[in-house]
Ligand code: ADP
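A single chain, nothing else alongside it, follows as structure tokens in the form predicted alone.
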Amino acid sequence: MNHPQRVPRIVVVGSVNLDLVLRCEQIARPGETLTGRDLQEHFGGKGANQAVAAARLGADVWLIGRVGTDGFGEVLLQGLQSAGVQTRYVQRTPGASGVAVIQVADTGQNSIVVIPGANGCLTVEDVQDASSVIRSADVLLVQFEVPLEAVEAAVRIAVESGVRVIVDPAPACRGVSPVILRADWLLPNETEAEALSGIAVVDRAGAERAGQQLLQAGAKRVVVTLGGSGVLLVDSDGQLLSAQPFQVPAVDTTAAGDAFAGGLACALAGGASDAEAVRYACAVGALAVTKHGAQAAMPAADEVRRLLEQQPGAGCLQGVQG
């Protein structure tokens, strides 16, 4: 991957949460009561997770978001700052901060319920107040845990300024503005690809069709993340490319997608090619599942380099046979 002389700048618009992580043997089914193993508190929120991921990898990262005036708010800000994230545009909102309740099974699988709190109060005006830092960015990274009108405002500023846009369309939702969908990179998982495209995604063929549909909707590149099956990239020429995952022991998959997004943003902002950036992002996502927690699991650049060297064939994009 090529590295420019200056540190690449990434701006993230997104959520900041406190994660309450419940560890248990298996995920509770509807109506089922289980006895959990323990309860832990971690810094989280998709926006904050992705910002910390990119900062750990060496980027200059600015987060635009909101936290509450409750006891969690100051702690969350301190956590971001200690990770190297610039928080000038993280505003305080009267009331509660965002909270996520996460069940993590012994298999590493998880289920998540998010209470937005202050995240739901992010406004278009908040984004416009930070327009100068968006215009100065190499990459803008957004998700859907804050109001979509604020996300759209950020995307408009970035597009007008020639800043590359990465959209992680999570949590899954329908009726997303075409402005947002016309991103340089769209990163849905299977559920999100189905919600955005209207095409059932139950296998790789469905993921391919959904990716093609989202390309027709305006996205320049669509990366459908397939968990343990790797990723599928549909590029601007409609070409299908896939990458096999890195082989690592999975402990907690909570922030794998956020790590992937932060890694992709960092690689692209640093001058990597599309193929290099996807491989780098796959390695970052793989390393994140080897540790517990969300932000605590984000790897450093040296860890990523070692994994890339240890598994030279993993994460490499290859053409998909029809």
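Just so you know, these numbers come straight off a predicted model, no measurement behind them. Throughout, we count residues from 1 along the sequence that is shown.
As for the form predicted together with the named molecule, it is not shown, yet the points below apply to it.
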**Complete:** Of the candidate stretches 122-130, 99-107, 74-82, 227-235, the one with residues having heavy atoms within 4.5 Å of the named molecule in the predicted bound form is 227-235
**Message:** Checking a candidate spot here: are Ser15, Gly47 and Trp62 all in contact with the named molecule in the predicted bound form (at least one heavy atom each within 4.5 Å)?
**Reply:** no
**Prompt:** Of Ala297, Ala286, Ala55, Ala277, which residue is found within 4.5 angstroms of the named molecule in the predicted bound form when only non-hydrogen atoms are counted?
**Reply:** Ala286
**Asked** in the predicted bound form, which of the listed residues (Gly68, Gly270, Gly293, Gly257) lies with a heavy atom within 4.5 Å of the named molecule?
**Response** Gly257
**Request:** Consider Pro245 of the chain shown here, and say whether it contacts the named molecule in the predicted bound form, taking contact as heavy atoms within 4.5 Å.
**Result:** yes
**Request:** Give a yes or no for Cys282: in the predicted bound form, does one of its heavy atoms lie within 4.5 Å of a heavy atom belonging to the named molecule?
**Result:** yes
**Prompt:** Are any of the heavy atoms in Asn189 no more than 4.5 Å from a heavy atom of the named molecule in the predicted bound form?
**Reply:** yes
**Message:** With a cut-off of 4.5 Å between heavy atoms, is Ile199 one of the residues that contacts the named molecule in the predicted bound form?
**Reply:** no
